[in-house]
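Just so you know, structure 1 and structure 2 below are the same protein chain in two forms, each on its own as structure tokens.
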Structure 1
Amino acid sequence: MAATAERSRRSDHNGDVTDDAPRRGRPRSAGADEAILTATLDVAREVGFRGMAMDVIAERAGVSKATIYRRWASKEALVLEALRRAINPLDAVDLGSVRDDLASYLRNLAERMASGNMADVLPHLIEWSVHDRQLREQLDDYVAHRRAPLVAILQRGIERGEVRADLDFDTMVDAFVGPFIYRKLLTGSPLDDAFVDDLLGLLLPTITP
């Protein structure tokens, strides 16, 4: 009973694959979710997450405010999902050598950070996560997810004997990714291929035996 009310009251955005109850009544408008999330990101980019008004999002999405609140419990929840959509994980290819793998991964990372959804959204994500435990956890998940390919690269490097086995994985990953975050968020220095090369030049000798 409670579950039904719960479900009917609020969003289904939890990857339920099969909700076989046929759901009487008019089904939810098909493209609305997409339109709302898109509008959310658009508005956020224009006026910042601060200054972002639900009425504006609703109008932009061609949707009523009630429709939004039928699907997300709060402005935070909506923004959260919009952010999650905005950033999708990197995946790493196996090019045969640590150097090439790292170069590929870091170039990819640099490119994404330089502009695009993640670039626009990351600062807001971070700020929000300070006072929102739920977002903090999702952000942690995301970060872990993003670290995974890098860990895999290093793992393969160790197996191939290209990387020293006595180093802490976390510290290594931090050493590679940290400078990107730092430049992006604080120094504003360019995130280009030259930087990737410099960084690789600096760090690669360290991790090779």
Structure 2
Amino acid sequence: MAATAERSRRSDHNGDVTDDAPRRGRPRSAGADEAILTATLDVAREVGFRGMAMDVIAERAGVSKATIYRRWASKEALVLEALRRAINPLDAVDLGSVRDDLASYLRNLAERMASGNMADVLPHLIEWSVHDRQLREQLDDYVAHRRAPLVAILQRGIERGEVRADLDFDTMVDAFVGPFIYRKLLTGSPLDDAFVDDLLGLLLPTITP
């Protein structure tokens, strides 16, 4: 009996014990989920991901750590879910031309990166993923999902005859998005309409037939 009880328990990231036994009863509360995710982002911005403590998140959210672990199996999974909730996918854009589509997409991206509340969190997540293969894989999936609208714009450009059919999508998406990350994380240069126009002026001629 004692061995069975012991198998139903595990230690969390901070050494505390939580219950892994099958659970029945009340369904998950959307309000509790939102409180946990909000607390996760707040704590991450304050101390970085390495300094995050699950008991602090639980206290901020007004729940127990067991409640958190019933929803997310690890701190990494919790962080990525918070990231997904905090940054909604960029809307699909189809304005009739590849230039207009790209301009709309990139201006939206610039606005989000300039003012979004994940600006101070994402660098910590990237740093953390270097040392955690599972988190790196999850982050890669997240990035691929967020690249999809830009790939769709370029694909439609090919179908319209506005973009070279032999375009390397991965390289071109990197070329469009990379300067945003460089400015945000390294130089602090403005992410504004003038920057977007300059970037389009440089890159559009390289993808046209």
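Think of the rigid core as the biggest set of C-alphas that the two forms share within 1.5 Å after superposition. Here, residue number means position along structure 1's sequence, counting from 1. Computed from a prediction, not measured in an experiment: that's the story for all the values here.
- Here the chain coming from the form predicted on its own is structure 2, while structure 1 comes from the other form.
- With the core superposed, L80 shows a C-alpha displacement of at least 2 Å between structures 1 and 2.
- The rigid-core alignment places the CA of E59 2 Å or more apart between structures 1 and 2.
- With the core held fixed, the Cα of V173 is displaced between structures 1 and 2 by less than 2 Å.
- In this core superposition, V43 moves its Cα by 3.3 Å between structures 1 and 2.
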